[in-house]
Structures are given as C-alpha cells and as structure tokens.
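Same protein, same chain, two forms; see structure 1 and structure 2 below, as structure tokens.
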Structure 1
C-alpha cells in the first residue's frame, strides 16, 4: 500500500523540479526573446513600453540591413576564432601533458605562475601588449590578434588538460617509456587518442571566449574593416540616435554562431566536463 503514495510523492517532486528548471530557462532566454522580436520590428514600432509585444508582422529588413553592415566583420571573426581556438587548444594540451606527466623540479611553482595569467585583467596589460605587437610588426593585423588569443588561452587550456591527464594512470606512460617512446611519442600515441573529451571542452570554451571578445579586438585592430563582429555591432549605433531594431538584429547575428555550436555540441561539451571531473 505504500507504493502508490511513494510514487505520487516522487511525481510531485519531479514536477516541482521541472517547473523550477523551466522558470530558470525562461528567465535566461528573455534577452534572446527581446533581441529577436525587436529585430523583427520596424523602427517606428520600437519602444520601451512595447518591448515585450510581438511584432505586427514578419519584418526582416532589420536583419538584412544589419547583415549587410557586419558581414565582412563576421568573416573576420571566423578567421580569428577558428585558428586561435585550435592552436591554443593544442598548446594547452602540450602544457597540460608536461605538468601532469613530466614532473620536474619547480613544476608546481611554474604551473602556478601559468595560472596567474588567468587573473590578469586585459585592461592592465593593454599598453605593453600594443607596444609588443608594434615591435613585432603585428599591430593592426589579424595575425596579431590570433597570436594574442593563443597566448591568453594558454593558462585556462593548460589547467583543463592537466586536470584531465592527471586521471590517466601513470602506468600507461611508464610502459610507453619502456617501449621506447619519447616525449612526443607518449603524447601522440598514448594521450592524444584518448583526449577527445578534453579537446571538445577546451575547443568549445575557447571558441566562445574568442568569438565574444570585444576589448582586445577594438584595441589591436584599429581598422574597422578588420575588426571582429562584436566591434562592428557596437559601431551600428549612431552618434545621436540608435536604430534599436538594427542593433538588436546585429547582436543576434553575432550571438548566433555560439548558440548554434552549443545546441549542436552541447552534449559533447557536457560529456567532456563530466569525463574531466571523474578523471580528476
């Protein structure tokens, strides 16, 4: 006789959990809702009083206008983000491999110094950053911005890979050393083939971070034609008036790649996080 009451209690508990989760999901989706419906409205219908109201019709002129202005910068962001995410992930995997499997004197201290880079505010290093790029002839170039994102991504990517590699038994690497594998042999034949979950997490993290960058892009790439898309979206605002429908449409276009990436690869991202947590 206790089974029905127990099942009823479990049902109500699950229903309450789902209602809370749905409420949180709707709360976090509100900015996207406002962004989309504002972009679908003509400029005359954009008002704070009617911010939540659905558009009277399907107006795509704002999206077409915004895309016409930010399309070149969208391409710039792709050129910047894809190689930066891939290169920084591989550099981080090598660093994580070194700090987890090749213990040497002072390795923990050096790793802590690596992690300091995670907490340095970008605003505090802008002047020496610009001076360094100018010295190497990379200031104002896409190559310079790719170089910066690769360097700034080293601390967090090294930390992620180190946590993942620490869960791999040392017996595997010791056996590889006995079989004659050197530094790169162990990395190529032992660690790299089983590091797919870690790469999934790091690549998605780096893609999102680099794509959403604004301050480094606006400082390093002074030429508006070379600026990433977030800078172009900011430039959609006029000096005296702002066409909020075009601004919102441009912001949604800028956010769309990261949304699509997480919708398509979200399960892979979660599996990688769980794999890293279990192995660590």
Structure 2
C-alpha cells in the first residue's frame, strides 16, 4: 500500500543496506588484505604495530622464499588434484547416468547409501584406511592419495551428475533405447555432448575440494617432500613461527589457484555450491 514514489525513508533504507553490504565486503576481504600486505613486507618490516599498514615498497623476497619452500608441494598438489578431479568426475558422470537413466530394483537405495558417504567424518575410517593402504603398498604415495580422493569423491560426484541428468527428459533416452542405442551409445551420443556444463561444475568442485584438502593429505602423505600444498603451508607455519611474512606469502600461494579459478569461473562455482548442497 506504500506509494512507490520517492521518499526519504526509502533512501535511508537503501543507504543502510549498502552500508551493511560494504561493511561485510570489507570484513570478508580483510584477511586476504592482511595476508597479501604481510607477504609483501620484508621480515624487518613485519612489526606488530604496523600490521595494517601497506608495505613500504614492493618487496617480493618473502614470496620468493615461501615459494622456494612450497614449490615442490605445489607441484605435488597439481599432480594429485588434476587426475583425481578428472577421474572422479568421469566416474561420477557414469554413476549419475546409471542412477538417473538406468534404474533397477534397489538402485535408489544404493544411491541413498552412497549419499551417506558425504557425511562420513574421515576420522571414522582413518585407521582402516591407513592399514589398507599400507597392505596395498599405496601408503605414503601420490597414487595412494589420488586413489583415495577418487573413492571419497564417488558420493558427491554421483549426486551432482544425477541431478543434472535428471533434468534431461527420459523420453529422449527411452527413445534412444527403443532405437537400439545401447548403454554406452546413449551415454556417448546423447548425454556426453550436453554434459559439458555438468562436467565443468563437478571438475571445479572436485578441484577445489581436493586442492584444499588437509586431513587426508596429512594422514596418507605426510612425507614433507611428497605432501600436498596445504600440509606444507601448515608445516611452514610451524617452522617460521615469527616470520609472518613468509607464512602469509606461503598461505597466499596455496590459496591462489582456487581463488583464480573461482574468479574466472565464478558462475560455475556458484552452481557447484548449489549442486553440492546435498539436495537430490
């Protein structure tokens, strides 16, 4: 019943809304700001009194030092993350396809049982996991970590692909079945060509999750030379207790790939967030 005309009250409300939004934006940017400026300072300039001030000049030595420390681990993370993300997306695309288009008696129940896996606190399987990997000689190996990420990726990727394929009318696949198109035929000629967005979303999701993983990395691959980047950053913080410039530079390096990917592919990331939010 309000008149849509201009009023001060509306103006004030709008202003207040923007102020709140800006304040939160600053809040969310604050840690990154501190991380970057501290990383750009030389050690002598990392003083507790001047934490919030900009560095006096562009000083990249901390980044160089941190990079020297974590570069091999950065490489490890690439070697772990890229294949894990690709393989688990591929597995997920098949599983999602089966769960949505090739239902059989009990398939929904199996799907539900898969979903439970998303809730699994890794601590609940940590000891058997270590024992099993050891028995198969995969413990402490990059391949072991890739293997584990692929397995623990099964539930979420199945969920994401299933909901995507669900959106493709069954008539389409049924018709193909009638036409004698087989299991792989339908997958290859009907679903794959239109699944690119789903693949992008899932790949991105898996990439972020696996890159950011710490717990599985520290359990399975704690050898400092083989450890993934987040384990290395944690170790860096333990080794340079007072050199915050190096800690911050290292942390920023670790965060960079996912931040860049997010900024470039924000839309897909958003869809991943929604798709990954558990809803069937």
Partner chain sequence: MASAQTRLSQAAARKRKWHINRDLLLAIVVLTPSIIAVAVFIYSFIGWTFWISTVNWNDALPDYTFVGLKNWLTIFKGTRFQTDLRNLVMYATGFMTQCIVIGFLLAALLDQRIRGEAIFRTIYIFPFAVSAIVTGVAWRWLMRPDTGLNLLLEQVGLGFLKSRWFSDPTWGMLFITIASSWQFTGYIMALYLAGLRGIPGEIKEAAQMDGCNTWNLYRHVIIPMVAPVTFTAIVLTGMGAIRLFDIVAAMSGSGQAFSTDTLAFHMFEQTFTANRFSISAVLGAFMIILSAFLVIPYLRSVRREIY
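Residue numbers count along the first chain shown, from 1. Definition used throughout: the rigid core is the maximal C-alpha set that superposes within 1.5 Å between two forms. Just so we're clear, the structure is a prediction, and the values are computed from it rather than from any experiment.
Looking at the condition given, the form predicted alone, one finds it describes the source of structure 1 alone. Relative to the superposed core, residue 44 undergoes a C-alpha shift of no less than 2 Å between structures 1 and 2. Look at residue 22: with the core superposed, its C-alpha moves 4.1 Å between structures 1 and 2. Core superposition gives residue 13 a CA displacement of 8.2 Å between structures 1 and 2.
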